[in-house]
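Here you get one chain, nothing else, as structure tokens; it is the form predicted alone.
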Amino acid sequence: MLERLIAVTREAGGIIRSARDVDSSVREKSSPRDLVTNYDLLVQDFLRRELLKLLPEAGFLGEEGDERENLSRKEWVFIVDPIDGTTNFIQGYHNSCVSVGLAKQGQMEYGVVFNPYDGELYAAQRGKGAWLNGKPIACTDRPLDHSLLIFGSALYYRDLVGETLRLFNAAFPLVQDIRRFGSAALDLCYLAAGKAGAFFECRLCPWDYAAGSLIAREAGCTVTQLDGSPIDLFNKCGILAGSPGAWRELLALFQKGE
């Protein structure tokens, strides 16, 4: 199954890589900061069609579209973001990806994340490990003060600006440096590959983190909600992730300030 998911995800990435005249395809969803393009829709339609060929009985949860069936009753569910990092995609900042996760009975079993611009394809199978372009990867074991911290923020969640800045200000003096890249799926993969030590964002949707969370975990990371509780595959939640040591340091730091 994993190899077939990788093949479909690579082909979807080709659609993104071949995009032309992106500006003319942009429209707003909830605000000028919450955007979608015709390519998001095109890639999601492709993924729905091709993935359900692999597992016709599965449910399908994607970012674009109104389908919100009771997926918790499905044994298998695809959780898909056709273009994670849509604003990056529109601006020509090549940190965007296709994210494809497959869950069984509410637990992630397979995850594939592909950035078609740099050719990096991350993949994982539960209990079998994680890979970058076919080579095994593992998270860093550096402490927080020797680690890059990645954080995320969505400006259309205006109610979370203050909390995001509070966590940022708490962490900033204690880390080696901070980055913000604009794609949570890739952020989690960067943890898995040892490119950074920790990540947080106050609110994400399941398609933002489903595949990436499995890849990070299979590479040795800890991935939870901000309070340390298990993540929710079917509802929005905050995410705290990192190498086990860095995750513990951040969790204690964030809880101290509550």
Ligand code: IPD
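Here the structure is a predicted model, which is why all the values come from computation and not from measurement. All residue numbers are counted from 1 along the displayed sequence.
The form predicted together with the ligand exists for this protein as well; it is not shown, and the discussion that follows is about that form.
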Even though the ligand is not shown here, does Ala123 get within 4.5 Å of it in the predicted complex, heavy atoms only?
-> no
Residue contact check: Arg180 to the ligand in the predicted complex, 4.5 Å heavy atom = yes
Would you please decide whether Glu218 lies within 4.5 angstroms of the ligand in the predicted complex, comparing each non-hydrogen atom pair?
-> no
State yes or no: in the predicted complex, is some non-hydrogen atom of Leu155 no more than 4.5 angstroms from a non-hydrogen atom of the ligand?
-> yes
Candidate stretches 98 to 106, 168 to 176, 133 to 141, 81 to 89 - the one whose heavy atoms come within 4.5 Å of the ligand in the predicted complex = 81 to 89
From Val43, Leu204, Leu51, Val223: within 4.5 Å of the ligand in the predicted complex by heavy atoms is Leu204
